[in-house]
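This document contains two forms of one protein chain, each encoded as structure tokens and listed individually as structure 1 and structure 2.
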Structure 1
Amino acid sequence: MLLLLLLVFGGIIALEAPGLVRKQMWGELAAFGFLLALGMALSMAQMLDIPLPNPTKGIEALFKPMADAIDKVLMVK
């Protein structure tokens, strides 16, 4: 399965990267490479049963203090 995943990501690179290079879209190529590498790393980690952090917990930690402050101001119980 890991080999199939690598083939899929290789196919995506083969389809998308040459057009970006030909059009000299270097910023887009860098963003594409970064996001593709991130996606590949997360996909491989999930396939190998490596525990991944839950992004919901990060978002919750970021916005909970603001929500609590708004609740306090509005006196919502």
Structure 2
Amino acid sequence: MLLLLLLVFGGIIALEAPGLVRKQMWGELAAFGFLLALGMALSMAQMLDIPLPNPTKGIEALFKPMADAIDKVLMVK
């Protein structure tokens, strides 16, 4: 499975990177690399069952006061 994942990432790099290098789009290449690394890290972590911080929990914590306020205003239990 891990091998397959690496294969996929290898495929993506092989597909995209040469074109970027040829056209000398270094900025794009950097962004591409960064995003791909991020994606790779995330998916690897998931595959290896490494716990990751969940963005949903963050959003929930951040907006909890507001959500509660809405419920209060509209008088829903």
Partner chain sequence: MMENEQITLPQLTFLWVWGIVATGILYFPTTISRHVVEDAWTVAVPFFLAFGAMIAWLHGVLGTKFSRMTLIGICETICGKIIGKFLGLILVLWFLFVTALTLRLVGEFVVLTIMPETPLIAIVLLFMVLVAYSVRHGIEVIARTGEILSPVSYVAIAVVVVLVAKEARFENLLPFMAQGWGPPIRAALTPVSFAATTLGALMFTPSLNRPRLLKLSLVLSVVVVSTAGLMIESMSTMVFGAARREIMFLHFDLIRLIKLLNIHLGLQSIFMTVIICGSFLQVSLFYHLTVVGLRQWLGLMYYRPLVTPLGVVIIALSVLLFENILEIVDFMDKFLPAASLTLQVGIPCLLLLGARVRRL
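What you see is a predicted model; the values in this text were computed from it and never measured. Numbering for residues begins at 1 and runs along the sequence of structure 1. Throughout, rigid core stands for the largest set of C-alpha atoms superposing within 1.5 Å between the two forms.
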Quiz item: So which is it, 1 or 2, that shows the form predicted alone?
Solution: 1
Quiz item: After superposition on the rigid core, does the Cα atom of residue 16 shift by at least 2 Å between structure 1 and structure 2?
Solution: no
Quiz item: Once everything's superposed on the core, is residue 25 shifted 2 Å or more at the Cα between structure 1 and structure 2?
Solution: no
Exercise. Superpose on the rigid core, then tell me if the C-alpha of residue 53 is displaced by 2 angstroms or more between structure 1 and structure 2.
Key: no
Self-check item: Core-aligned Cα shift of residue 64 between structure 1 and structure 2, given in Å
Solution: 5.9
